[in-house]
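Read the single chain below, which is given as structure tokens and is the form predicted alone.
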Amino acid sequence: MIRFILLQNRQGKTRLAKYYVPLEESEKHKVEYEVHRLVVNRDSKFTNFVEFRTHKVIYRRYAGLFFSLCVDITDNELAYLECIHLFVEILDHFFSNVCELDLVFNFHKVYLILDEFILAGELQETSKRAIIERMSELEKLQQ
């Protein structure tokens, strides 16, 4: 199960945070700080999986953003690494070459994409085409 998803820039500013387990606000800030310190200082020759408290953090860096997932210790790391890549591909397709500012100014759409993709901490849909079609339908309804 996915505990939380964080998108952070190199400076540690959280651009997206979605928690699937209840945490106090102060604990959320502490977790965001710890995860950022963990992934930003990690040498690129090491794997993208690291133990974090009693869980695992799987992360991947795209340009200036770190996409981090915290999952159960027994979950498959490679599946979640692919999950991160698929999420980035969907964002890239939806925003036509996504950048950090797209995430900042269209955060509601990013959360909508994430909700189509992951439900209650579990992968709901793995088809890029299906998610993009659903997002297109939602875009038509909003116009």
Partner chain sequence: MEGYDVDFGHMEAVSLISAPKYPEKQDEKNRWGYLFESSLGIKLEQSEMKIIESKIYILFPALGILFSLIGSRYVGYIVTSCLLNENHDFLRLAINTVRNDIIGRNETFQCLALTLDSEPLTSLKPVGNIGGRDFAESLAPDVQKLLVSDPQDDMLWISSSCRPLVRKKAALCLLRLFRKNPDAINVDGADRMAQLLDERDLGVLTSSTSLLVALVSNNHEAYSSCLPKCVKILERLARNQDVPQEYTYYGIPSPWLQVKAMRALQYFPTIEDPSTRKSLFEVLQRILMGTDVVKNVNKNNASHAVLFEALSLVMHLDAEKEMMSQCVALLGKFISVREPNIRYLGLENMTRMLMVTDVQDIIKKHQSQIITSLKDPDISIRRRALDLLYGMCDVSNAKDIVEELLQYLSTAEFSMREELSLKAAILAEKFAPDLSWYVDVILQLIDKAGDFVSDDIWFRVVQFVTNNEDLQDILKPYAASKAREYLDKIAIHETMVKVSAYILGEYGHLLARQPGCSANELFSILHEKLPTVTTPTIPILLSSYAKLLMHAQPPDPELQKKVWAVFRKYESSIDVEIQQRAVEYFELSKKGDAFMDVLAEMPKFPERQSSLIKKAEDVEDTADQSAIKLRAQQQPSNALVLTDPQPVTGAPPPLKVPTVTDRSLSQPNGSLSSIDPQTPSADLLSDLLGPLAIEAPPGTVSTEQHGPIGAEGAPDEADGSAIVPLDEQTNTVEVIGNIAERFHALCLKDSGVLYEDPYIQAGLLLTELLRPIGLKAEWRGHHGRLVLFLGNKSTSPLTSVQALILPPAHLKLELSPVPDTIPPRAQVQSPLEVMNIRPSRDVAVLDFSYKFGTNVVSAKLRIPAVLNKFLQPLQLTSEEFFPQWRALSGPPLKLQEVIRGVRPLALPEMANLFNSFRVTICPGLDPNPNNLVASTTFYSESTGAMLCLARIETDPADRTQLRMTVGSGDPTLTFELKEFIKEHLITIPTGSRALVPATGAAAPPPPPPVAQPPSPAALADDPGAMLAGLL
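Small disclaimer: the values here were computed from a predicted structure and weren't measured. Numbering follows the first chain given and starts at 1.
Although it is not shown, the form predicted in complex with its partner chain is what the next lines describe.
Proximity to its partner chain in the predicted complex, taken as a non-hydrogen atom within 4.5 angstroms, holds for one residue of 112, 65, 98, 40, which is 112. Under a 4.5 angstroms non-hydrogen atom cutoff, its partner chain in the predicted complex lacks residue 94 among its neighbouring residues. The closest non-hydrogen atom of residue 16 lies within 4.5 Å of its partner chain in the predicted complex. Although the partner is absent here, residue 61 lies well away from its partner chain in the predicted complex, with no heavy atom inside 4.5 Å. Within 4.5 Å of any heavy atom of its partner chain in the predicted complex lies no heavy atom of residue 33. Counting a residue when any of its non-hydrogen atoms is within 4.5 Å of its partner chain in the predicted complex, the hits in 107-123 run 107, 108, 111, 112, 115, 116, 119, 120, 122, 123.
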